[in-house]
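Heads up, the chain below is alone and in the form predicted on its own; it's given as structure tokens.
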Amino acid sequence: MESSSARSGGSTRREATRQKLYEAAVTLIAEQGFSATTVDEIAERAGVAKGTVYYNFASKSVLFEELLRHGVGLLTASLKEAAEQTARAGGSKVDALDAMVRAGLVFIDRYPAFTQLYVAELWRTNRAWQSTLMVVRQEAVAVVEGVLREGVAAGEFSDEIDVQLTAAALVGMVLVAALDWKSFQPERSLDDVHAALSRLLQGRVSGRV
């Protein structure tokens, strides 16, 4: 049997390879679309053999489905960490939501091509990975829902808030505002965009003006 260190090294190398394939796939698909992107192109962009793609993923569709899981998983983790850090610092639930808004912007700033793909796929209903996309989307939205419910329970937010819809609206606000920022207002800083969304959040969710 392999030693634990050997297994660990092999796992690390495989994860590094998969990361290269994710990055190559998201860039190519964002540039030319899923259907027009071939496995050969993904392999060439990633700097690996075509067989390596199939060793890691059964097909191009599986690769894309796993790419969605991976990307939205990173976003969900960053939202959770932002909320947890705020709680550890003794911040309010509004502060936690604001921290998650910033975390979302940081994620989108780092992965703009993935964000563009993710938003585009949300509008398509005929994809093989649609059910997977809905599951991972809900995982991200659920983090925001949790903070909203805690805020309602603590009396920070009105109990008339529609938690499910408000959470989805906050996530959508960040996605759309960030895409507009990247596409049409790239001269603005992340801090500037965050400040604008923060003012909106403070006024509408917390009830402050």
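Keep in mind the model is a prediction, meaning the values are calculated, not measured. From 1 onward, residues are counted along the sequence shown. Here the rigid core means the biggest group of C-alpha atoms that line up within 1.5 Å when the two forms are laid on top of each other.
One more form of this protein should be noted, the form predicted together with the DNA, which is absent from this view; the next part is about it.
This chain is drawn without the DNA; in the predicted complex, the residue among 39, 28, 141, 177 with a heavy atom within 4.5 Å of it is 39. Only one segment in the set 48 to 56, 168 to 176, 64 to 72, 144 to 152 has residues whose heavy atoms sit within 4.5 Å of the DNA in the predicted complex; it is 48 to 56.
Among residues of the shown chain, residue 60 is one whose heavy atoms approach the DNA to within 4.5 Å in the predicted complex. Within this chain, residue 199 is remote from the site of the DNA in the predicted complex, having no heavy atom within 4.5 Å. Not displayed here, the DNA is approached by residue 13 to within 4.5 Å at the level of heavy atoms in the predicted complex.
Relative to the superposed rigid core, the position of the CA of residue 49 differs between this form and the one not shown by 2 Å or more. Relative to the superposed core, residue 18 undergoes a C-alpha shift of no less than 2 Å between this form and the one not shown.
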